[in-house]
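As a starting point, one isolated chain is supplied in structure tokens, in the form predicted alone.
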């Protein structure tokens, strides 16, 4: 158990871990000290000189982020000396900073804006022209990042990120004195696999991502906590959306999984959630109602007399897979399995068990929930699985149900589609038009992960919950809704069930889920903050500790 120290901040007493600094003690006491260079995921450099405070026993004011706390320390943030120092720092920073807040994408989540209001002078005492950086303004420095050095305040967050987190070192200071800027080292591109995080840690608009530039003001965006579906790592993210359009993903703090970071592969998949192309059920080429589509499915399944193959998906929630296993596997005696691609390695830096040393958490499976699907009772398909038998022609079910038309790269293979099409009835759930969707006898329009809620199990065996950003368009349903309505046809499920209801139903039988609470901080992680800047700069992390779910399959190297 870590030791604590009692610190007094502006008259408020607070206990903090004895390895904290004075800035962290202030925040723990609910006192926000303005700062720029400090970031809880990076080393301490005391670069910006903004977080100045008075400390009893020290003759001069000090940068609070550089001062280790000690038991009995008394910190004063609201003094004349502290305010004068912060005001002077802000005045120097604003002497050459451009007045382009109305067109800057960082507006609304800019620490310079915030600190200028709370810790700066109300007017400028300078009238000279601002310094310019020809050739270093609005310039591509990598696949995803635009740099504008007229806005840079030289906090070195981005430099430290590339040195300490990605360990690639693309960014550094160049030139000297008043001409110093941050730029790519020796002209290299900023092309590491977490390059978008360099823009995240930038407290101003000096680094921004190309994909989000000029799309939407940060303060207009609604935020929903979710989990990245790009691979099995299960990075915690916030889905930021407005008017039923997803605009970006940003990382959500979870020290046990992705810490403050997310890889570019996962981050820039956000646009895929806007690709809803199917809106009404189709039965043998004709649009119809959900009632008629469900009747057609029940009639086909009943006529098949257990000669049914159901393809679940490692991209669907554990709750959805459990419903499929209960309905089609346990009750109707069908084959229920999933297949998952082993894709490229994706990884993210996180804290190791000691809480200090950063390490890489790696994922290879191109889906977020293979372990959850297995725990729910869906069989992992392989060379000897039912789908493999269909592809070799040794098995030809009368009915094949595909719960997710994007279940695997196999779903885009013409040979696989042709083999599936040989079934008497092919039923496909899909968001987009595709060759597999076009081959279906019954086509059901479904929403995306952002239209649903439920849980995934990541590569660590950790259960993580994701929330619904907004409900699907009219007529469109989620797979969970489709399965509850189908289950009702056989007298099994309640159509009023939500993901939470299914979670409660399955806790008694699904390994690792017993004793879990739907609302537990360990399950949901940290919530997206109402302040847009906070996800990049939050001290608190969700509760730690194992959830009792083993890693159901080891990950190869």
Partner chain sequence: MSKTPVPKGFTPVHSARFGKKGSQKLAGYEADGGYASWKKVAKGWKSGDFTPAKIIDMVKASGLRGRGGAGFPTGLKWTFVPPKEKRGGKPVYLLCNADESEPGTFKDRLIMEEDPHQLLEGMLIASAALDVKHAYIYIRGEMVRCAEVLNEAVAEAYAAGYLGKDILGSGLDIDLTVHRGAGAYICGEETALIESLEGKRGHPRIKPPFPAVSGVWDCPTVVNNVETLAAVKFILDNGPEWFKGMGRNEKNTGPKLYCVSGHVEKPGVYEAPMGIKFMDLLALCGGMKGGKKLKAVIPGGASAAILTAAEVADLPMDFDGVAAAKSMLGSAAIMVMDETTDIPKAVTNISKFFAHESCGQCTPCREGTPWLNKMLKRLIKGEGKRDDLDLLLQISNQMGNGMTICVFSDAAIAPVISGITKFRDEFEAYLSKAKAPDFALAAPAEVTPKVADRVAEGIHG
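Just so it is clear, the model here is predicted, and its values are computed rather than measured. Positions refer to the first chain, counted from 1.
One more form of this protein exists, namely the form predicted together with the partner chain; it is left out here, but the text below deals with it.
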* Asked: Is it the case that 128, 136 and 175 all touch the partner chain in the predicted complex, with a non-hydrogen atom of each within 4.5 angstroms?
  -> yes
*asked:* With the partner left out here, check for me: in the predicted complex, does some heavy atom of residue 220 sit within 4.5 Å of the partner chain?
replied: no
| said: Does any part of residue 438 reach within 4.5 Å of the partner chain in the predicted complex? Heavy atoms only, please. | reply: no
Worksheet item: residue 132: heavy atom within 4.5 Å of the partner chain in the predicted complex?
Response: yes
Query raised in the report: Is residue 492 a contact residue for the partner chain in the predicted complex, using a 4.5 Å heavy atom cut-off?
Result: no
Partner contact check in the predicted complex: of 456-464, 362-370, 91-99, 248-256, the stretch with a heavy atom within 4.5 Å of the partner chain is 91-99
In this chain shown alone, the residue from 342, 286, 179, 330 with a heavy atom within 4.5 Å of the partner chain in the predicted complex is 179
From 293, 153, 110, 116: within 4.5 Å of the partner chain in the predicted complex by heavy atoms is 153
Of the residues spanning 40-58, the ones with some heavy atom within 4.5 Å of the partner chain in the predicted complex are 44, 45, 46, 47, 48, 49, 52
